[in-house]
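Shown next as structure tokens: one chain only, the form predicted alone.
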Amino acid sequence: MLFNSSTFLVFFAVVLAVHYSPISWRLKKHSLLWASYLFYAAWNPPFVVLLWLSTLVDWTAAQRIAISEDRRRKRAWLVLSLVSNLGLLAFFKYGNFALENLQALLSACGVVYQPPALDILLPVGISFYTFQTLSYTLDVYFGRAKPWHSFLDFALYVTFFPQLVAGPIVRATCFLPQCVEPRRATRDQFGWGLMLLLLGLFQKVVVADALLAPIVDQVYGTGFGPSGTAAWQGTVAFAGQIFCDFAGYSSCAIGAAMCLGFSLPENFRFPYAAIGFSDFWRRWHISLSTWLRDYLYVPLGGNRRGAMRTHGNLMATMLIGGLWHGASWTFVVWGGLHGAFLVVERWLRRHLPERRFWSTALGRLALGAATFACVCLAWVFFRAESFDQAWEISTAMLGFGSEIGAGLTRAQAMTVHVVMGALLLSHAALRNDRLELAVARLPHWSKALFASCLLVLVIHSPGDQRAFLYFQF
């Protein structure tokens, strides 16, 4: 069930009606739980079983870890949780990938091996809810949280439909305390929640799908190598597409939850205004970057064991983060590039003297532009269908291609310049602000006019009804 579908509008209206009806809080939580199962089952009903399995395993493991006095038993229950969750993720997401690479390796050694076709169907959102349930068990194991007392609350935490499929990845310590008392949005919260839903749909339907996706598909879908200019235009368009698509989903998720009285964490903070790559990852997919920091980077040693170990930890974290996004070596390279960017940035901060120029407006603009350019170069490997295509497009962007290659029409090029110019300017203007506070400062008539314009554009926007890009992860 897509947020950008009429089915969801009917579904959400019914959920709201039940949630604000005069029934007990426990019955409301039951209704949200089963509505969430229905929401997920709309894609593939049998995969609801995987949600049940993750819920039962991590609930039981956390309870046993808490009551076990022997450290070996605690560790055994943690291992059970890790093996169960990561095992399911590995099978469904990386099973075909592992077989393909095994076949290629044996072929390189002169062994002909034809593996059986598994044709494994990827359960939507499995990467998100796997990390979410794992964080609960790990927090209990490390003593950062106590096991929750209500199985109903925990099941709702795992399956809460607004963020179930593509995040934000919510921590149990953030969500479960909200289940104790009845949740009811105030008038201002409900209005802002609807505004976030509308803004998210505008980002997805109008900007990502109608304006930018056709341009990206032309540059990355053609069989002919693009010119250097077209390669940059197509990749910059993809930077806008993936932001508006994913941030649009996050806005819809946060807005829908807010209408129900729940608070979800911020997932994007104007990332294309980042100055440096550490700053970028404090602004992009915040729930994943903080998860990787807390449950992978820090346990590996973080920055506590010398410069070389820190660089290795950064690379390992980003490589795993790249692989989390998809079962392809191109995603690993994307993660590796960001790891390399972070390592180089850290080295430069340590070894280059501070210069006053970099703290000026012009210096910060130059650093921000360099950050965005490098992020776009990395996006090539995220979007490309193969290494050959990624190499072809990235070399064209670096000036080693030819301007004779395939290009965009004048209208398409203008679309990229206008849309991405507006996006970058808005990120720069709001870099140190919060969207909610910025909108709150506007007069009421301008907010009403803005919302009306968004609604008209969403309703009348042409184009296909595309699934959100991060559903594949």
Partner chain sequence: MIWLAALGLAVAASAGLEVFWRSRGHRPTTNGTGTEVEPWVEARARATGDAFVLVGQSRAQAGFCGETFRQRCPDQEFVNLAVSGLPPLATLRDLAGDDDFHGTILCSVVPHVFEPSELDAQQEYVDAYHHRDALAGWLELDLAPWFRARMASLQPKLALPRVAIDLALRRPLPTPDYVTVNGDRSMVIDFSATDVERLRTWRIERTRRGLANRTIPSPARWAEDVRDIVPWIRAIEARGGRVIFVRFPTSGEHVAITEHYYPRADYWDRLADLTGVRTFHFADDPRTAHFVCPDTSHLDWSDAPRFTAALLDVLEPWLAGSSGDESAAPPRGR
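Numbering follows the first chain given and starts at 1. Please read these numbers as outputs of a predicted model, since none were measured by experiment.
From this point on, the text means the form predicted in complex with its partner chain, which you will not see here.
K.L.:
Where does its partner chain sit in the predicted complex: which of 205-213, 301-309, 340-348, 151-159, heavy atoms within 4.5 Å?
P.N.:
Of the stretches listed, the one contacting the partner is 205-213.
K.L.:
Just one of 410, 441, 26, 434 has a heavy atom within 4.5 angstroms of its partner chain in the predicted complex, so which one?
P.N.:
Looking at 410, 441, 26, 434 one by one, just 410 meets the 4.5 Å heavy-atom criterion.
K.L.:
Using the partner position in the predicted complex, report whether residue 415 sits within 4.5 Å of its partner chain, counting heavy atoms only.
P.N.:
Residue 415: yes, in contact with its partner chain in the predicted complex.
K.L.:
Using a 4.5 angstroms cut-off on non-hydrogen atoms, would residue 195 count as touching its partner chain in the predicted complex?
P.N.:
Result yes; residue 195 sits at the interface with its partner chain in the predicted complex.
K.L.:
Give a yes or no for residue 38: in the predicted complex, does one of its heavy atoms lie within 4.5 Å of a heavy atom belonging to its partner chain?
P.N.:
Residue 38: yes, in contact with its partner chain in the predicted complex.
K.L.:
Classify residue 16 as contacting or not contacting its partner chain in the predicted complex by the rule of any non-hydrogen atom within 4.5 angstroms, answering yes or no.
P.N.:
Looking in the predicted complex, residue contacts with its partner chain do not include residue 16, since no heavy atom lies within 4.5 Å.
K.L.:
So which residues in 8-31, when you check its partner chain in the predicted complex, have a heavy atom no farther than 4.5 Å from it?
P.N.:
If the 4.5 Å heavy-atom criterion is applied to its partner chain in the predicted complex, 8-31 yields only 10.
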